[in-house]
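We begin with a single chain expressed as structure tokens, specifically the form predicted on its own.
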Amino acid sequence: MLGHAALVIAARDLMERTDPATAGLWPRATALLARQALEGALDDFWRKRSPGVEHCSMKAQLLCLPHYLGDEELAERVSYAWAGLSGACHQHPYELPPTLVELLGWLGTVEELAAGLKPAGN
């Protein structure tokens, strides 16, 4: 399985590529890759900071995140990004896929989370 950094790179590659073969598919594929990267980063974080929490529901993990992360604002944006990405991964007949701007914002949050978690392993 790809690491969360590689997943973010793949997601950004999908957004930057204008290929008729991926027209209409890339927004949801990008959202899926970004959500996998976010969940992978959180799994790594929980294994280092509080082993066992990674086995809890994502809702429980996100509720605990502000306390363990120490950055309430980032934790809120991570929760918002996860909710947006999760919604974007599930196609419904009358919903539009996420926009490029939404995806860029969510991916930025994923990258910020992953960058902020590196010192947690020290």
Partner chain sequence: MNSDLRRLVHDRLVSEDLVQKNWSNLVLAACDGEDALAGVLSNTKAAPPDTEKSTVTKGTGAYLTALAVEGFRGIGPRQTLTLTAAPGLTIIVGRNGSGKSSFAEALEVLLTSDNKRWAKGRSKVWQDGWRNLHQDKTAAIEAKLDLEGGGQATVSCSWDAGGDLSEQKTGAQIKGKPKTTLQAMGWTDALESYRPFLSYNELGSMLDEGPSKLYDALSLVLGLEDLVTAQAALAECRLARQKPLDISDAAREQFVEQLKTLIAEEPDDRASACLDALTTKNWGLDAVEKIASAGAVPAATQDVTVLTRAVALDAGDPALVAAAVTALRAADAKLKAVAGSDADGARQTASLLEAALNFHAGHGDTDCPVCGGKPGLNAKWAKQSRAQIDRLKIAAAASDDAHRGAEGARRKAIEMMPAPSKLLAQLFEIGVEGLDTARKQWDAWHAGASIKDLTELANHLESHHEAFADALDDLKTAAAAELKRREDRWRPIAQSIAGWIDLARDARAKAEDIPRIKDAEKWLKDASADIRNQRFAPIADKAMKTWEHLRQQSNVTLGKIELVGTGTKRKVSLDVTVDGVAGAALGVMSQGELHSLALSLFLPRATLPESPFRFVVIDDPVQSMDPSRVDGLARALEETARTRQVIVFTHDERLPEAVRRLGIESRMFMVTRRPGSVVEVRKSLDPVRAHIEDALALVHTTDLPNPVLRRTVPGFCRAALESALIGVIRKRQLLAGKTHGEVDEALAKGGKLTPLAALAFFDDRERGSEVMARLNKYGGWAGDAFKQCNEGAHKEYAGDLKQLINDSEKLAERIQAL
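No experiment lies behind these values; they were computed from the predicted model shown. Positions refer to the first chain, counted from 1.
Same protein, other form: the form predicted in complex with the partner chain, not shown, and the subject of what follows.
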item	value
L14, T22 and W26 each touching the partner chain in the predicted complex (heavy atom, 4.5 Å)	yes
A60: touches the partner chain in the predicted complex, heavy atom cutoff 4.5 angstroms	no
In the predicted complex, E76 touching the partner chain (heavy atom, 4.5 Å)	no
Distance check, L7 to the partner chain in the predicted complex, heavy atom within 4.5 Å	yes
Exercise: E54 in contact with the partner chain in the predicted complex, heavy atom 4.5 Å	no
Interface residues of 26-44 toward the partner chain, as seen in the predicted complex [heavy atoms, 4.5 Å]	W26, P27, R28, A29, L32, L33, R35, Q36, E39
